[in-house]
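Let's start with one chain on its own, the form predicted on its own, as C-alpha cells.
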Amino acid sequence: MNVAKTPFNGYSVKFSPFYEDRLAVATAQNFGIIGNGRVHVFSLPPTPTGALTEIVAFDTADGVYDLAWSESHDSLLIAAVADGSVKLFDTNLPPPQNPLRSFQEHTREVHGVDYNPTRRDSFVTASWDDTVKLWSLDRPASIRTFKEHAYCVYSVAWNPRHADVFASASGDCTVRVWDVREPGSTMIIPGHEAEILYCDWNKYDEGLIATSSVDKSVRVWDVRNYRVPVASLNGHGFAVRKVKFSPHHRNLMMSCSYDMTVCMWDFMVEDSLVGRYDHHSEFAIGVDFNVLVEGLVASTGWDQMVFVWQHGTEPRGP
C-alpha cells in the first residue's frame, strides 16, 4: 500500500479521472475549525508499496473541505474552501500562479463540490449557507443558486447518466434531487432521522442514490419508489461521513466514519459488510475509488494520513 502524511488534517481525497497514478487531497489545519488549508497532488509509485510523491501543493488562508477534478482539463482542480470561496487551481502551474480564479459568493463554508461528468462544462457546490450553486469555468459568477434546504448542505453529486440532474444532502435530514432546467427540486427524500452528510449516485443504475448519516447508517434509495430504502446498512459505530458507489461494480460501495474505519458493502446481499479497514487512528473523513484501476481505493482522515491500497489487501502505515 502507498502512504503519505500531510501537515494538516485530511478532509477529502479524489483520484484523477485522467491519470491512474494521480490523486488530490484536501486538508485543513486544526481539524478545520480555524486556520489554513492546503491542497496536495500526489503521484503513486510504480510499486504497490512505498510513499506517495507530492507533485505540487497549494496553500489557502482557510481550510479546504472538498475538491473535484475537472472532467474536461486534466490539470484543473476545484476546491471548496471554509471562507465561502471556490478556488480553481492548475496543477501544471507553480503555486505563485495559483489559484487561477476564486469565486466568492457563498456566505458560509463551502463543504462539497462535484464536476459534471457528462456535460463536462459545469460544477456544483454545497455550502453551510443552505444553498447549492451551479457554476461554469467560463463565467465569472454562478449560473444559478438552488435554495430549498432548511439547513447546511454538505454534499452534491451529479447523476452519471443525466447531464442536468444532481442530488444534494443536507443537515435538514433530506436529500433533494434537482434538474437544472426546473425551477425547484424535483424530489425530496426524507432519508434519515438525523443529518445526512453525503450522497452519491450509482454508476450503473441511474435511479439509485446512497446516503450516509449521523445516525451511523448508510442507505440506498431508488428514486422511482423511495418510500422505503432498497438497503439500510448498519455497521459503523459513529456518524458516517461519506459513501461512494464503485465505478466498476453495481452493488459495491465504500464508506468512512468517525469510528475511524472504512467499510466496503455489497448492498444486494444479506451479509452486506464485505470489508472493514481500521488503518486510521482518527476520524476517517474521505474515501474514493480509482475509476481507471479496478479495486484501487484511497482514504484520508484527521490523523493526517493518506492511504492508497487495493481492496482485499490490508492497508497499513509505515
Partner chain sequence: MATESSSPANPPAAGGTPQNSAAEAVQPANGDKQDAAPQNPKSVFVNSEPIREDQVQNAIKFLSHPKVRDSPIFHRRNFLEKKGLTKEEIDEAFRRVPDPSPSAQPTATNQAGQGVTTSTIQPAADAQTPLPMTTVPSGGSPSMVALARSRFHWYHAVVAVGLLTASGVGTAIWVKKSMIPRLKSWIRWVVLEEKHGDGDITNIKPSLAEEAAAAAKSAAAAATDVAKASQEMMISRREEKVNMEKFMELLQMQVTEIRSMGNAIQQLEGRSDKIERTHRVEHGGYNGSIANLKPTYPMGNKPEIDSRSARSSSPPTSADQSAPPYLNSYMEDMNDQPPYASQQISNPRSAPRSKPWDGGYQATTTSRGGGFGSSLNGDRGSDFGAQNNGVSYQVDAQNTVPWWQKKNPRITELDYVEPKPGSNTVAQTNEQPPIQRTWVPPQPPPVVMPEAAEAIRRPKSKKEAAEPVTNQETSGGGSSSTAAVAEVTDELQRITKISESGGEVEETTAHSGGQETNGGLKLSEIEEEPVQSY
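Note that the structure is predicted; figures quoted are calculated from it, not measured. Positions refer to the first chain, counted from 1.
Although not depicted, the form predicted together with the partner chain is the subject of the following passage.
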Heavy atom of Ser232 within 4.5 Å of the partner chain in the predicted bound form: no
Non-hydrogen atom contact Glu282 with the partner chain in the predicted bound form at 4.5 angstroms: yes
Contact flag, Leu296 vs the partner chain in the predicted bound form, heavy atom cut 4.5 Å: yes
Proximity of Asp59 to the partner chain in the predicted bound form, heavy atoms at 4.5 Å: yes
Members of 137-160 lying within 4.5 angstroms of the partner chain, judged by heavy atom, in the predicted bound form: Leu137, Arg144, Thr145, Phe146, Lys147, Glu148, His149, Ala150, Tyr151, Cys152, Tyr154, Asn159, Pro160
